[in-house]
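Okay, here we've got a single chain as structure tokens, the form predicted alone, with questions on binding and movement later.
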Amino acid sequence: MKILTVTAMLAASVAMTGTALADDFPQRPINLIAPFNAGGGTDLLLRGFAPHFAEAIGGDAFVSNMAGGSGTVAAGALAGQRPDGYQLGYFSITVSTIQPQIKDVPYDVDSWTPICSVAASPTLLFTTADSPYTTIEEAVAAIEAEPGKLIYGSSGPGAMTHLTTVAGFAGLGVLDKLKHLPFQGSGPAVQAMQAGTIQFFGDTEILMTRGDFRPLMVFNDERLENYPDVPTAAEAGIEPPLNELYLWGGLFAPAGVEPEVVAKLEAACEAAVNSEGFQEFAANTATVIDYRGAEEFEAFFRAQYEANGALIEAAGL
């Protein structure tokens, strides 16, 4: 009886300690990790989000970059951190659901406490504005005319930038006539395209608008408002499941974060997403906001993890 009483007191004490810690959260700055180099689409979005998240949480938040392994270096490092809510990663569909299924990485579907989703944008295949290819048909003709000459870039094998170009050119039957040159992030890749090292790249509209580029097709169910003359992948002749690709992303913490802390982070994320400043940022960068709270985001993330097995098979990864 005494043992039960002591056990009950300890349990109550632990619960009260957790609640007390949550009441005081945050007591120090929160690190928002971008798993790619500065200057890429993920980095730009997270830096647009961070100040509004910091204001909403009532503390400080800063963005750090940890590039490598197509985002898996940062995810692997975060998975081993204490689940105290002070280390969060902004992970995309590829980092969280594709890379762990094609690589030997130190994390899987059960490694996370999903906090919230923030955005989900369709990807585009594009080239430079001064490229001789004004349409996807002209690009395909050039590829077929000189097999092995033209190069497409990516931010790493298995990244959405890689899957976008693979889906596009595999869907059009010319993937084996191109070379692939991976980079550590979208920023270095688009610099290489502007320098003429690569001819094709795939990413979201937010990144494409940061350079002088020409879209060739969009992996969406309909044409984009800003590019009404650019065909969808389906219109270009690409069959499902390769015709629609969305780069969604959200905040993840290591598994085991106290529910009270999750609730605070989730509420701050929602407030940041709905803030006037982030809404303006999203409008200026064509970012498609797609907020989900912690419970809904976890269900979505786990469903995507299972469904993307088909995309992995189609891409031959």
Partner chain sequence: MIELLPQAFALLLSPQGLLVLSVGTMLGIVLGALPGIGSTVAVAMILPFTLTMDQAPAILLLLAIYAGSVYGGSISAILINTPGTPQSAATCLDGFPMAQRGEAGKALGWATIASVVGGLTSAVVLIFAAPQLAAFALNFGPIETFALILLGLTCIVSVSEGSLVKGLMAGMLGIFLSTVGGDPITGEARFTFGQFQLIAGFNLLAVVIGVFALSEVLIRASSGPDSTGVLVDFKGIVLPRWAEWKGRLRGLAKSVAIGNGVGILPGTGAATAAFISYAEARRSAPTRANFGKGEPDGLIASESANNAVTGGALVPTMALGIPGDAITAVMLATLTLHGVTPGIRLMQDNPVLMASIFAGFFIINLMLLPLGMLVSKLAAPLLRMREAYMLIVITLLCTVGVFFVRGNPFDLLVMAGAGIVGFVLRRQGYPMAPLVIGMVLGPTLELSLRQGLIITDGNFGAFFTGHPIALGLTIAAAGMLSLPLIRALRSKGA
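In this text, the rigid core denotes the largest set of C-alpha atoms whose superposition between the two forms falls within 1.5 Å. Numbering follows the first chain given and starts at 1. Model, not experiment: these values are computed from the prediction.
The same protein also has a form predicted together with the partner chain, omitted here; what follows describes it.
Undergrad: Looking at Asp110, Asp104, Glu239, Asp130, which has any heavy atom no more than 4.5 Å from the partner chain in the predicted complex?
TA: Going through each option in turn, the one that passes is Asp104.
Undergrad: So which of Gly171, Pro83, Pro231, Pro157 reaches within 4.5 angstroms of the partner chain in the predicted complex, heavy atom to heavy atom?
TA: Selected option: Pro157.
Undergrad: Since the chain is shown here on its own, which stretch among 192 to 200, 218 to 226, 136 to 144, 242 to 250 would lie within 4.5 Å of the partner chain in the predicted complex, judged by heavy atoms?
TA: Contact-bearing stretch, as computed: 192 to 200.
Undergrad: Tell me, yes or no, whether Pro29 is in contact with the partner chain in the predicted complex, where a contact means a heavy atom of each within 4.5 Å.
TA: Result no; Pro29 lies far from the partner chain in the predicted complex.
Undergrad: Should Tyr291 be classed as touching the partner chain in the predicted complex when contacts are defined as heavy atoms within 4.5 Å?
TA: Answer no; every heavy atom of Tyr291 is more than 4.5 Å from the partner chain in the predicted complex.
Undergrad: So in the predicted complex, does any heavy atom of Asn65 sit within 4.5 Å of the partner chain?
TA: Asn65 belongs to the contact set for the partner chain.
Undergrad: Consider Pro122 of the chain shown here, and say whether it contacts the partner chain in the predicted complex, taking contact as heavy atoms within 4.5 Å.
TA: Outside the cut-off, so no.
Undergrad: In the predicted complex, do Pro114, Ser117 and Pro254 all put a heavy atom within 4.5 Å of the partner chain?
TA: No, because Pro114, Ser117 and Pro254 lack any heavy atom that approaches the partner chain to within 4.5 Å in the predicted complex.
Undergrad: Out of 266 to 284, which residues reach within 4.5 Å of the partner chain in the predicted complex, heavy atoms considered?
TA: Counting only heavy atoms within 4.5 Å of the partner chain in the predicted complex, the contacting residues of 266 to 284 are Phe281, Asn284.
Undergrad: Using a rigid core alignment, state whether the CA of Leu78 is displaced by 2 Å or more between the shown form and the other one.
TA: For Leu78, whose C-alpha is compared between the shown form and the other one after core superposition, the shift is less than 2 Å.
Undergrad: Hey, does Ile151 budge by 2 Å or more at the Cα between the shown form and the other one once the core is superposed?
TA: The answer is yes; the displacement is at least 2 Å.
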